[in-house]
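One chain follows as structure tokens, the form predicted on its own.
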């Protein structure tokens, strides 16, 4: 038998043995898996709820069932509408971001092409051919500035430098040298002339520097101007093609001429302050640009001395080094303004810090601006309702007024400001909240509350947190005021909150000490009063001829141990039109808002109240003052008569009525109704601790059963005898029900 037959037989026997041995094992494996699958199915079937039996609606339930369906349908429609708005907003944001990225790419491509073209031999040769014409143009523009004249008077000579990317012709150098010598001879000075050839950074062309003034006709400067023009080009186009056409027009409009500017250098830098040399003609408040930094950085001139200039730096300053070049921009410090800022949280320089993308604003205003003149103002007579009973009744605020909120730490100052912003919903008032030196978490919680109550739709939050530099904290309230002025001069009403000016004064003190200004009381500089006065004087009610807009300012000042006679508090008190003083003892006793009636005052008075509130609250201040006097007397346990006891009880109930929770503003007519009801004894049957129940019952009853009377009160007009009689009758009827 052949060998391969034995091999086949052996292989078949091996397969038989494997089958006999492994069959049982495989069957057991699959049987175990089948049992686990069946067990899982049993557990899942037990977890399923039993099917409910269908219960057809009864005829009497049809109406309620239909109403429930309609309500559910309305809720779903609202959700769908909200999703649609959200989708449209997100789509618009994505479209604009796409345009922004496209513009960035186009700018980069344009700059690369321009740089490539301007470095070509053909272009550089054309600039060389224009050497004589450029020299003629520069010589027709040169002149001595006031700063040059002062330097000549002090030193007797002026430094003149000629920089070029290639060796200039001797005739050109001679003409320039001769012209500058003659320019200085006319005023009795001499020149120190130097020539720098082969300056590679210029690429092409040449520049002349006389003192601090530069007359530039180089490729480098042309590229700088081109990039500035393209980056500043507003993006209002809806398509890529429109934006491309806009860029072409921007490039065509660039003026090809000698660029005149002033240069300086950094002498020293520390703590957000740098000292500059040069820039002899610069003015206080002007912007400068630091040239030798990885990204653009700006500063604002804060001090001008004969031999140096003090400048504060916006943002980080680690990349600014000694002898870095500084360029004068020829414009005052400014901030973006416009409708696009509403609903956003931004830095004082206009940069978004809320993570919602770029702000599409193209209008700017200087952060320092002259206050409206006296003829351009009118008396404050339109109420700005805060929704807070203790303020609208006792310390009324009018549109265009400056009312100080003052008190110790953690007494509810910011709560009053936030509640006032929330109460401006549907009142056509633009709100600006300026956070100065606050913790970022605190600002985030405020923004969260404003969003919750729908107030961010008409509010801009300007945040300069405690971690920001003193320079940003210093310009924050000025920037916020500039944003408000944009709306005021368009005839709109604005409410601005400065939270708080105590930290603003501290930031200015830090800057002033770094600038080596002499310190005065409490180490504050002598112009600290002028600092806040020129800020708050910009808030006013404009006359009808000037537009009729207004800015209402609510500055906040923090006191120490209730000392309102300290330096900064007394300064701001003398500037504003009244103050709301929050007392720590009242706050700790549960009286919130903790308004001290005796120390709080509004110099506008009843002019900023509705006639109804003015009539109702006319005797409220004296009544509360009498209550506090009696309360302080009776704390010693003296016997009191019935009239005094009744006065104390009424005063205690009135103080309870004036208590109010946060984020719960109340319409003015409801405030007047509550105050009138308590003053006339409608709450005498309620303990002071139950006044909250009385308020709810009274308002619910009036809105449901006394609608015509409520409509009459909503007008805010003074109560006539008929309305007063109807109100007394209604309160008597409510008393019987209660």
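Keep in mind the model is a prediction, meaning the values are calculated, not measured. Residue numbers count along the first chain shown, from 1.
There is another form of the same protein, the form predicted together with a small molecule; it is not shown, and what comes next is about it.
Engineer: Just to confirm, with a 4.5 Å cut-off on non-hydrogen atoms, which of 440, 527, 376, 408 contacts the small molecule in the predicted complex?
Structural biologist: Partner contact (heavy atom, 4.5 Å) among the options: 408.
Engineer: Please pick, from 414, 576, 213, 596, the one residue with any non-hydrogen atom lying within 4.5 angstroms of the small molecule in the predicted complex.
Structural biologist: Contact residue from the list: 414.
Engineer: Taking 209, 292 and 324 as the candidate spot, are all three within 4.5 angstroms of the small molecule in the predicted complex by heavy atoms?
Structural biologist: No: none of 209, 292 and 324 comes within 4.5 Å of the small molecule in the predicted complex.
Engineer: According to a 4.5 angstroms non-hydrogen atom cut-off, is residue 218 in contact with the small molecule in the predicted complex?
Structural biologist: Answer no; every heavy atom of residue 218 is more than 4.5 Å from the small molecule in the predicted complex.
Engineer: Does any part of residue 567 reach within 4.5 Å of the small molecule in the predicted complex? Heavy atoms only, please.
Structural biologist: Residue 567 lies outside the contact set for the small molecule.
Engineer: Is there any non-hydrogen atom of residue 662 lying within 4.5 Å of the small molecule in the predicted complex?
Structural biologist: Yes, residue 662 is a contact residue.
Engineer: Evaluate residue 298 for contact with the small molecule in the predicted complex, applying a 4.5 angstroms cut-off between non-hydrogen atoms, and reply yes or no.
Structural biologist: No, residue 298 is distant from the partner.
Engineer: Select, from the options 625-633, 585-593, 139-147, 546-554, the stretch whose residues sit within 4.5 angstroms of the small molecule in the predicted complex by heavy atom distance.
Structural biologist: Partner-contacting stretch among the options: 585-593.
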